[in-house]
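Below, in structure tokens: the form predicted alone, a single chain.
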């Protein structure tokens, strides 16, 4: 197991390295007018030259990349070209908001999708049809549309929740709960139906296996067969689906946070991308890639714990 973890961590480091090169190269192409964007159209050529030298934009791409890489390995991601705020500080204040929202939404999706998916697989009646119809509707409606509807009805018209975030340094847990309630509901509605559909399919596939009929023929109760054997065998497929949903959710929260004015990673990523703020964009991308690598590692470990064949392989 330790060897497996070390191999996955090694491959994750390679992925980080490759992604950093690709993103840095793409940003290099669009960094020609950064100095003018910062200083304005009235800046003189001498001022632009000084600013380019200050930001290191007058250096070759390899020198700039290795300068960024050596700093990143020390934990220094640089500072924003436009606000001069350290990137690490910006991420530290925004990551808790985004990750709290994603963690709560994924936890609820995992619980509700599992319950609905198992019920749809066991009860092949109206529950099954509702889940399949809900999956089609859920996949066809973007999360930001659901967010706008929730804001319009529950926040603006009914006043149950704040229309914009009240999260700020030093606020209590009640402000966090009220501000994150609607975004979590939007992510939940958008993700639970698809997860339930996949879990339903995995459970049905296991219920049709020969070992289930053997267990039933031995007089083992249906509840024990379902929760002790079928769910354990279907769990790897469900975990894979949920991990993909989580990774996709990291991209979806960008728009959700914009709609609800949450001080998370979304607004930071949008602002940095529109300004070609290279240090901030690199920090956001590296953070996202690290989360993806960690999620995949955790899913692989859980699959190995649930499935002996995976541990052997």
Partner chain sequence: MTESVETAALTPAPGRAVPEKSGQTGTVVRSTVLRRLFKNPLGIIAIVILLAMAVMAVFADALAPFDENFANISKTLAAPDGVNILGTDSSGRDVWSRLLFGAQLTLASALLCAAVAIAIGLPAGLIAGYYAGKFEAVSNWVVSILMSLPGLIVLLTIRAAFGPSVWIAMIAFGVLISPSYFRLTRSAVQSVRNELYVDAARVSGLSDLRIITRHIFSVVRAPIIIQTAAIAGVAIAIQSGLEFLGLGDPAKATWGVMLSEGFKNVYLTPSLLFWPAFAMALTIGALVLLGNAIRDALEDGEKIKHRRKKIRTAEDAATASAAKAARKTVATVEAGTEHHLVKVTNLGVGYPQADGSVKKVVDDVSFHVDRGEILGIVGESGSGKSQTAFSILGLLPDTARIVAGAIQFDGNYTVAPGEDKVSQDRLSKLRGKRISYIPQEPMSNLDPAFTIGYQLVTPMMRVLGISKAEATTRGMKLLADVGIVNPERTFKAYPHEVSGGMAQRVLIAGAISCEPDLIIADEPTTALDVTVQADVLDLIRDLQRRLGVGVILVTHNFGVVADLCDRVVVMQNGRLVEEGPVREILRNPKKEYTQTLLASMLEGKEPMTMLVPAPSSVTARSTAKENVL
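Positions refer to the first chain, counted from 1. Everything numeric in this text was worked out from a predicted model, so none of it was measured.
Keep in mind that the form predicted in complex with its partner chain is not shown, yet the notes after this line are about it.
Novice: Looking in the model of the complex, any heavy atom of residue 152 within 4.5 Å of its partner chain?
Specialist: So residue 152 counts as contacting its partner chain.
Novice: Are any of the heavy atoms in residue 274 no more than 4.5 Å from a heavy atom of its partner chain in the model of the complex?
Specialist: Answer yes; at least one heavy atom of residue 274 falls within 4.5 Å of its partner chain in the model of the complex.
Novice: Verify the contact flag for residue 214: yes if a non-hydrogen atom of it lies within 4.5 Å of a non-hydrogen atom of its partner chain in the model of the complex, no if not.
Specialist: Contact check for residue 214: yes, within 4.5 Å of its partner chain in the model of the complex.
Novice: Does any part of residue 252 reach within 4.5 Å of its partner chain in the model of the complex? Heavy atoms only, please.
Specialist: Heavy-atom contact with its partner chain at 4.5 Å: present for residue 252.
Novice: Is it the case in the model of the complex that 29, 143 and 244 each bring at least one heavy atom within 4.5 Å of its partner chain?
Specialist: The answer is yes; 29, 143 and 244 each reach its partner chain.
Novice: Please pick, from 88, 111, 148, 175, the one residue with any non-hydrogen atom lying within 4.5 angstroms of its partner chain in the model of the complex.
Specialist: After the contact test, the surviving option is 148.
Novice: Please determine, with the chain shown alone, which of 67 to 75, 111 to 119, 96 to 104, 236 to 244 has non-hydrogen atoms within 4.5 Å of its partner chain in the model of the complex.
Specialist: It is 236 to 244 that comes within 4.5 Å of the partner.
Novice: Within 4.5 Å of its partner chain in the model of the complex, which residues of 107 to 141 have a heavy atom? Give them in sequence order, or say none.
Specialist: The stretch touches the partner through 129, 136, 139, 140, 141.
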